[in-house]
Structures are given as structure tokens and as C-alpha cells.
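Presented as C-alpha cells, the chain that follows is alone, the form predicted on its own.
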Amino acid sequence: MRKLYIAILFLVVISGTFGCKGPKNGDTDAAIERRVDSVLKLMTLEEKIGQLTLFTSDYDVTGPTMRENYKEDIKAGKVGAIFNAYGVDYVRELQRMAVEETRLGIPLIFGYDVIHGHRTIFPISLGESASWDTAMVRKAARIAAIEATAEGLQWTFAPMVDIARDPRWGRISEGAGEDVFLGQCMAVARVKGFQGNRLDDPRTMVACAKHYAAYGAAQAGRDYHTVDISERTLREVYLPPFKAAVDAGVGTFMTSFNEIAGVPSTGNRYLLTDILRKEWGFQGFVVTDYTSINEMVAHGFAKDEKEAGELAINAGVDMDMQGAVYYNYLKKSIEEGKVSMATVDEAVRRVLRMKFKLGLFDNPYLYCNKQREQNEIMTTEHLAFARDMARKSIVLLKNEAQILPLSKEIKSLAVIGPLADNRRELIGSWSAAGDWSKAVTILEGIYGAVSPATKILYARGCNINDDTVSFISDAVNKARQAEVVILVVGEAHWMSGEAACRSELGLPGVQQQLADAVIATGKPVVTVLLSGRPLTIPQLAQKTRALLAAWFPGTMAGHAVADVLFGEYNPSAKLPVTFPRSVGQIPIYYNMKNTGRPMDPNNKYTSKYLDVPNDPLFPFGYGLSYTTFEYSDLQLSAEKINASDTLYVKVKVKNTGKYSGEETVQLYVRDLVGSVTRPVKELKGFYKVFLQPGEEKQVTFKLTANDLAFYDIHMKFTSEPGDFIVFVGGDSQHCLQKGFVLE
């Protein structure tokens, strides 16, 4: 009788507001707040702790721990969210348990790592960022959200917005690369793509900015390792993309595994409360990464898991992913006065608020639509977009004597390499629910592009990552019979991503030996490089006639690569990250700072190496086209500006080649003297311009004093009067330049 009374009371309290639609993303809504409070008042402590608990299902595995009794936990109201569960039938059944078999019927949120596509897989995030096309990246996230929500998901653990300047770190593949400005732009594009205009639209999903914070600065490029950086570096380099995500309305944040200055991020109140909530005004909820509360014991920051949980929730962590720390210990911590009920209630309020915004209280099965699951996944439109996204991500790094594009009427081709007819590697790491068996291989793409009369000779040549050399002779024989060789080499998908760090970044296995043998035939070799990161390939880059960085291009990889090879698409991508000559140069990035002894080749006692140049193999922002672009007539609207002025920077860009093409015009700034030292260049803007042969356009940028601001010697974010240089060009090294003064 008492259970029935509670159920009736629950319906009476909230029946007047159940029809209320969620607010526009980022807005406050008094009706939702009333509904959240009405639910909170009915909850027991155990039910509240359940809302702060996230467990994986057994449908997919993304970490080392599995709870076999998660269904019993759902029925007991001891879990508020589930991840690694998708598919309408499966999600509906789990949601039914939550809303029909528990006392209060609070719906679950279902999350998953939808990183670069769901079923239709786009290029890895680093590859997407190479497009420098925020509209395309936003649409990729939009399509991913459509497909993921069609299979019952409402929450993605993306975007990863970590700045990464060490390509040894495997998770560089998941982000936008090394630059703060580009990283901010990509963070905004992905958040808006996933979340759309309204979170209660069943074709949108709540995004999660991760990993907060500075995960990409792990020492030695080794995953989960220590981070030790200054407050200035944290704020100027690693935090801005997270702030951009907050400003874009991101609904959730995920903590990082690493510590910063001795404090693990999952227990860092300064990060999670002082900066994220108080300084930035973030209103969503914070979830840990997989078991990162538990791991504070191994860090040496907490004596046991109970204390780790107290540190986490008091720091500002709302939801515990998979570690069951809140599940096991939070009640006792409250009873002992180590955690206040007000702290718990506020965390629960944030989680409930998101469930209302997603429309789950109005319709728990809103995302369980069989018709959508059948009709909105891997559609013709989605596959066509995936092909376009992939080809816009391919960077042309070398094109000696304009060997590319190849003629579709070429008489013979040798297609060689362990990745040429490989399907599995093409969709890369963190490929969600992607089906690698549906990926189009490079060889298939080439067959589909050339004339039926073209003779294609295929040889694997070697395996990706072993020392077998017995196949190389066959590859050499095939190469000798062809006019041109297309060599497809690189990494396996598992060589990048989480827990996939490498101390050496050359071609794995005997692939370099294969490349040397094929190039030694004297035949012109075009190399397609597949990887999740920059590789150290100076020998290959020197000897091959043409070089394409294709990353892991996704489901439509073969068609996209063929479109570029045979001129259906003129490559326009630019590197979002520097390619080093050797691992010994790492970390290497374009916006370094000068030393007191800048490199002088004629002076031994300056900052340089004995065995390699300081310069990278390929710089940030670099990428060729089948046409050529000429920059001229750089103009500044004034030689001096004050803090309230806008400086207009104008430059003419002309297509001086034979092909129509798109160029990404890049604007950099240098502050020559500051109260603290400043980088040699900082990206402050970019603009994509499409030009026909012979066509010239003027591109205009705007700069204000705020664009020149930084954290000064007193850690105040401000601009300082002084001399500046503006650089405009097609990459970070080759630019026109002019000076101005900020008064």
C-alpha cells in the first residue's frame, strides 16, 4: 500500500509539468527546475546515488572492467546511466527496466564513444581537422548523431578537445592536433553538430568535452602518464578548447586520467569547480573517465577507494563511470560527514536536469524508433558525405614533377602494400559501431576509378608489423611491369588511439624495406600513407615521387583516395599537426618560443641538434594542391591601433595553376616583446577560398586587441602595448609579413 501511495504522489507532483518541452540548448528553464526539484524530493539516498552511477553493459567493451549484474542494478534503481549499449530493441528493454520496474521510474541515459561516425565512419578526428572545414566537421558530427540516436543513444563521449603536441601519444588521433585556435574551432563545430539546436530533438545527442584537462601533455607521450605544466601553459594552451566547448553549450564534461602538478584531474576542485563552474559558468554535469576515481589510489592521492570517492564528489564530479565507488561507499561517506547531502543533491540535480532536457521524462522511449533504425543508418546520403569528408581530409605532402593527378586511362598500375587491399584498418581506432567489412579498400577504389582497359597488378609486399620479407620480391616484379606504382603503407588501426603509444614512429615492420625495394626499380612511386598520427618518414618522403597523408579515411576510404589520385578532387587539406623528422625532435610544434640563443648554423653554442635540422619534415598548416597559389599585396588598415580599434588585414590570393582549387589562407601573429615571452607565431584566423585558374580574390581578416591578449606576468588575461608582426600564407612557415603597433 505504501509503494502505491508513493507512486501516486510522484505522478501528482509532476503530472502538471510532464508535457513541458525542454529548453533550447544552453537556456535556463524554470519549469524544468521545478520538475527536477519535485523528483529530487521523492528520492531516497540510494536512488540519488544510483543517478550518479554509470555502468557499462556487456554489449561492447571499452575498458578493463565489466559488471555482470548491471541489469539487476537497473531494476534496483542503483544506476542512472548505461554505456556501451545500442540498438533499439536492446536499449528499449533496458529502459523498460528503469521506467517500469523501479520505484520512481526515472529513465536512463545511454552513452557511447561516437567519435568520428557511428555506423558510417568518417576519417579519424585528426583527419577531419586536416580539412580545416568547420562546416564539414559539424555536418559529420550531425550525421553521427542522427545514426547514433537512431540506435537508441542520447549521449556521446565526444568531442575530444585535448591539444596534442607529441605524436607518440596514441590519442592524438582523436583530436584536432597541436593548435589552440584550430582546436577551439573544431570543438565548437563538433559540439554544435552533435547537439543541434535542441537536445529534446531525437536526432540530436548531448556532447561531452574530454578529457579535462591537459591529457594531451602526458610526459614521454605515454598514455595515462603524469602532466606537469605551468598555470600559464594550462590556461593558454590546454584550457581554451574546453572553454570554447562551454561557450558552444556542451552538456557534459569528462575528467582526464592524468594529474596536473600533483593533483589528479578527477579530484581537482580547482579545475572542476573553481574554473569550470564558477569562472566559466558551466551548468551541465561532469562524468569521470573509465574508473578514474578508483585510480586516484594508484596515483597516491587517496588512501583507498572510499576516500577517492569523497575527493571526487567534493571536487565536482557528478557521475562515476564504471568504478562503482559512489555505488559502494558514498552512503557511508555521507553518514560520516565526509560528504554533505547538499553536494549530493546538487550532483543529482545536474543529472536529472539533463534527462529532462533530452526529453526522456516526457518519453523514455523517444530514441527507440525502429523505423529510424532501419531508414537512417548508412544511407546513400551519409555514404556520399563520408566520401567527400574523407577526400577533403587527405593532405598532399609532395607532388614531384606534378606526377599527380594520374590519368584514368593509364595503361598499367602496380598497387602495392599491406594496406592496399586491407579493409579492417581503414576505419581506424574508436570507430564505434562501424562495420569494417563494409569499408571500401584502396584497391577497390582504384579499380572503380580507372578505365576498364587499365591493367592493375596487385602485391601485398609485406605485412603491416612483422619481419616477413618473402613477399617483397613479388612486389618488385609487379612494380617493374607497371607505368606507375601506388604504394599504400602505414599503421594498423590498433597502433593509435587509447593505450596505443609508440616510442618509434617510422613505418612498422619491414614496410620501409618494401618501399626502398619498389622505389629502387626506378618506377615512379606514389605513396598513400595511412596512419593515426604523424610518422617520421624522412627517407620515404625524399624518395617517393608523391606523398598523400590519408590518415584512416573511414568507410568510403577507397573511393576518396581514388578521387584524389585521379583528379576527381583537387586536394585542399592542410596539416593540423607538425610532422617531425625524427622522434628526437619531439615535442615539435610551430608556435614554439625562442630561446636566448636562437638557432644559428654558424654558431655551435645556439639551440640546435648536431644530427638533424631544427625544422620539421612538414610544418603545421602545410598542404599542396594540384594547382598553385600566389599571395601578394598584404595590407594593414593601420600602422598603429589602440585597444578599441579593429585592424583589417587584407591579402590577395591568385590561382596561378591549371586546376580550380581551394586554398586555406592562414593568419598568424607574433608579439615581439611581452612581460612574459611569447610564441614565434600564433594562428589567429583562417579562411577557405575557392579559385578558378587565373582567378584572384582579396581575403580580409579582422584583429582586435582581444586577439592579442595573453596571461601576463601577473596572470591577468590582457593585451600589452608594443610591436607585432602579422603573417599571412598557405602554411605556418611560408608567409608574407607586416608589422603594426598596439598603443
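These numbers were taken from a predicted model, which means no experiment stands behind them. Each residue number is its position in the shown sequence, starting from 1.
Omitted from view is the form predicted together with a small molecule, to which the following refers.
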**Prompt:** Can any non-hydrogen atom of residue 210 be found within 4.5 angstroms of the small molecule in the predicted complex?
**Reply:** yes
**Request:** Answer yes if any heavy atom of residue 321 is within 4.5 Å of a heavy atom of the small molecule in the predicted complex; otherwise answer no.
**Result:** yes
**Prompt:** Does any heavy atom of residue 310 come within 4.5 Å of a heavy atom of the small molecule in the predicted complex?
**Reply:** no
**Request:** Spell out, yes or no, whether the shortest heavy atom distance between residue 533 and the small molecule in the predicted complex is within 4.5 Å.
**Result:** no
**Complete:** With a 4.5 Å heavy atom cut-off to the small molecule in the predicted complex, the contacting stretch among 91-99, 122-130, 283-291, 505-513 is 283-291
**Complete:** If we test each of 157, 356, 194, 589 for a heavy atom within 4.5 Å of the small molecule in the predicted complex, the one that passes is 157
**Prompt:** So which of 178, 113, 151, 563 gets a non-hydrogen atom within 4.5 Å of the small molecule in the predicted complex?
**Reply:** 113
